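So this first bit is one chain, no partners, the form predicted on its own, shown in C-alpha cells.
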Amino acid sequence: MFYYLAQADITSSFSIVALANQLLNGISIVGILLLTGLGLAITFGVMRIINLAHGEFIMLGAYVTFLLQSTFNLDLLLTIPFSFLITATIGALVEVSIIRRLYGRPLETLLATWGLSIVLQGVIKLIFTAQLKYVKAPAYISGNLTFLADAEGSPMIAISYYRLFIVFIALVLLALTSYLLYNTDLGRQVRAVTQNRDMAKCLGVNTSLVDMITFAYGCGLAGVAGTVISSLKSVSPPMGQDYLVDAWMTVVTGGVDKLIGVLAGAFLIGESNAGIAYLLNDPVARVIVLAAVIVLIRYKPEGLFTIQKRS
C-alpha cells in the first residue's frame, strides 16, 4: 500500500513539474505574440489597414539580422535598430506608393497587401534563395533560469534566458509605443487623424505625413519582432506566415482601440494554448483557442478592451 502511495506522490509531483514548465513556456509564447501583434495593432488598430503583408515585414527584420551577422558579425542586439529603420523605411515606401491610394477601401487594401506579401517573398528568394538561414543568439543570454532542481542539480522547472529576453523586449516596446501615442504631440495627432480625419486636416495636421509615419512605425515594430524571433527559428521566406494568424488573433481578441488589449490578448491566447496543450496536445490546443477566438468575435466583435464612444 505504501508503495502505491509513494508512486502516486511521485506521479503527482511530476505532473505539477510538467504543468509548471508548460505554463512557463506559455509566458514565452505570450512574449512572441505581443511582439508580433504590436505592429499589427498600430497598422490595423490605429489606421484600420488590413495588412496581410505584416508577416513579411517580420521576415524582412529576420533577414536584416542574418545579413548583418553574416557580413559584419554584429551582435543580435546591435541589429535591432537597423531592422527597425530598414523595415520602417520599406513600410513608408509601401504607404506612399500603395496604401495611401486605398484608404477607406478595405477589400482593395486586403488584396493589395496580400499581393505585396507574395512579391516580398519572391524578392527575398531571388536575393537569398529559399534555403534556410540561421541567426546566432548572444552568448550572454544563453542558458536557463532554474526555479527548481533535483537532487543532482538538473533543472526540473526552468525557462531559458532568451525567452525571458523576448518578453522583456516586448514589454519595452509596448511601453514605448504607449508613451508615443498618449504622451507626445505626434501621438495626439495620430489619434486625432484616427478619430476625425477631416477635422484634424482643418486644424492644420498634415494627415498624409501622420499616415506615413504611423504605418512605417508599425512595420518597424514587425521588423524588430523578426530580429528577436530569428534565433528561435530558422530564417526563411515564408516564416512570417507562421506568425500572421496568431498576430491577428491577438489583436482582435484584446480589442483594436487600446494597446492594453494587445497585452491581454497575448496573455490569454499564450497561456490558454500552453495549458490546453498540456492536457491534450498542441494541434488540438490551437484548434480550441482559434474556435474560442471566433466565438468571442461573434458575440463581442470589438474585443475585450475598447474605447467608450457616444452613440
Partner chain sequence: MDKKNQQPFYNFGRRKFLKYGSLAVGTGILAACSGGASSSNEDLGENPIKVGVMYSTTGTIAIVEKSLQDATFLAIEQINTGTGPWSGKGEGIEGRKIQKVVVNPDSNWDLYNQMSKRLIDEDQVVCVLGCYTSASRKSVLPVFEEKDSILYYPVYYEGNECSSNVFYTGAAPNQQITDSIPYCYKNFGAKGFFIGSDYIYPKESNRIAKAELEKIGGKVVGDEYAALGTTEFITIINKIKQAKPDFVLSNLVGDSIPAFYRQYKDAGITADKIPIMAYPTTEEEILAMGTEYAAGHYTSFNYFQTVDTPENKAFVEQFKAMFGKNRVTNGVMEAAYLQTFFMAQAMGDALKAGKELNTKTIREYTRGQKFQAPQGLVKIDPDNYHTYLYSRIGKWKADGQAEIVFSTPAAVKPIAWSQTLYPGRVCTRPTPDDRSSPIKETGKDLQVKYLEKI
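Because the structure is a prediction, the values reported are computed rather than measured. Numbering follows the first chain given and starts at 1.
The discussion below concerns the form predicted together with the partner chain, not included here.
Checking 175, 132, 202, 127 for any heavy atom within 4.5 Å of the partner chain in the predicted bound form turns up a single hit: 132. Across the proposed site, 25, 230 and 302 without exception bring a heavy atom within 4.5 Å of the partner chain in the predicted bound form. The partner chain in the predicted bound form is not approached by residue 93, whose heavy atoms all lie more than 4.5 angstroms from it. The partner chain in the predicted bound form comes within 4.5 Å of a heavy atom belonging to residue 280. The shortest heavy atom separation between residue 107 and the partner chain in the predicted bound form is within 4.5 Å. When contacts are judged by a 4.5 Å heavy atom cut-off, residue 111 counts as touching the partner chain in the predicted bound form. Between 215-223, 137-145, 167-175, 82-90, the stretch whose residues reach within 4.5 angstroms of the partner chain in the predicted bound form through a non-hydrogen atom is 137-145.
Of the residues in 224-251, those that come within 4.5 Å of the partner chain in the predicted bound form through at least one heavy atom are, in sequence order, 230, 231, 232, 233, 234, 236, 238, 242, 243.
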